[in-house]
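The chain below stands alone, shown as structure tokens; this is the form predicted on its own.
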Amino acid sequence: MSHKKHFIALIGFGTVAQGLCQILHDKRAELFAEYDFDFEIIAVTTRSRGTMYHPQGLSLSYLLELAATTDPFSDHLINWDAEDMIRNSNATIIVELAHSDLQSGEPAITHCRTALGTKKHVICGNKGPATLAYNELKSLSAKEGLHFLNEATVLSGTPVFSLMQKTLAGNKVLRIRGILNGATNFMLSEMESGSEYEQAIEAAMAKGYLEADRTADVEGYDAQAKLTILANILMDHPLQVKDVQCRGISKLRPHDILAAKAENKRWKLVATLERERQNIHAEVKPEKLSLSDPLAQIMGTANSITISTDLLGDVTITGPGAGKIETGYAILSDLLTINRGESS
């Protein structure tokens, strides 16, 4: 059986990249035997540690050793920044995992444009490009016959886009309602167990659940961006972040949680998208849910989303909303989509 070898370059070497490397290290033989997936990671580039490049591939064992430190890269070092690496390396797939802000989407949007412009597939794990430039980047990828994939951006490793675009193809999405932020869901669960707000923040930080800028989670901006991505990809509606009403959990305190508990209710940060004729209503806000509401039963870092469709009614998917291996798996899922040669 003939197969194609993929040359993968990572931009960013944080939690998600390290989770991906762990999966690829542990499952390399299985991925080749089961899926005919043959690959090498040929480059890793970061702002703080430099760029490593070897056209025949870097050792995954060595990459995992580096994951345990914050030392600058030393082996296979090359004087390239991310754009140099994209243009000059033999990568066929760029995995974009750099930290980007949600105001400009940079530097990730530029990385994606550069990769697609040099005929490289793009798997994007951060939300900026799909939030702020999805239509442009998707059009560019389609024009070039390339992939621009974003499975990791909304539900960590839980496959919402591939589920709708492949398994449930032919359905029209009418409404989306869900818990899209694992960090705040974890914090609310901690507070229900007796933690103060700041203790819940510290616990979430210790486990690596919070974004580098924690306001992205606690003020609802992360869920706001994810709703924008869902509208762009699943509803084919060019929603902008500013169109999503947003309020986070930062004003909730344990006495609010306990008061809800006394009413047989539970606070959750709920994100909602709904078609209204030609428009989309989009909102993120804390809601005090009855315990009979399925979303009230989603605890810890779990995420859950109910997609209301025209043909099948409500489809609910629940799964991990945070975690190194879980989000790394979403990148693997997109890699396997490219490997199968499916249309973009």
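Remember, predicted model here, so these are calculated numbers, not experimental data. Residues carry their position along the shown sequence, with the first being 1.
Omitted from view is the form predicted together with another copy of the chain, to which the following refers.
- When you look in the predicted bound form, the only residue of 60, 289, 317, 67 with a non-hydrogen atom within 4.5 Å of another copy of the chain is 317.
- Proximity to another copy of the chain in the predicted bound form, defined as a heavy atom within 4.5 Å, singles out one entry of 74, 167, 193, 135, which is 167.
- For the chain shown alone, residue 29 is not a contact residue for another copy of the chain in the predicted bound form, no non-hydrogen atom being within 4.5 angstroms.
- Although the partner is absent here, residue 159 is a contact residue: one of its heavy atoms lies within 4.5 angstroms of another copy of the chain in the predicted bound form.
- Using a 4.5 angstroms limit between non-hydrogen atoms, residue 4 is distant from another copy of the chain in the predicted bound form.
- Under a 4.5 angstroms non-hydrogen atom cutoff, another copy of the chain in the predicted bound form has residue 297 among its neighbouring residues.
- Although the partner is absent from the chain shown here, none of 16, 41 and 235 has a heavy atom within 4.5 Å of another copy of the chain in the predicted bound form.
- Of the candidate stretches 84-92, 118-126, 255-263, 168-176, only 168-176 has residues with heavy atoms within 4.5 Å of another copy of the chain in the predicted bound form.
- In this stretch, 58-84, not one residue has a heavy atom within 4.5 Å of another copy of the chain in the predicted bound form; the partner itself is omitted from this view.
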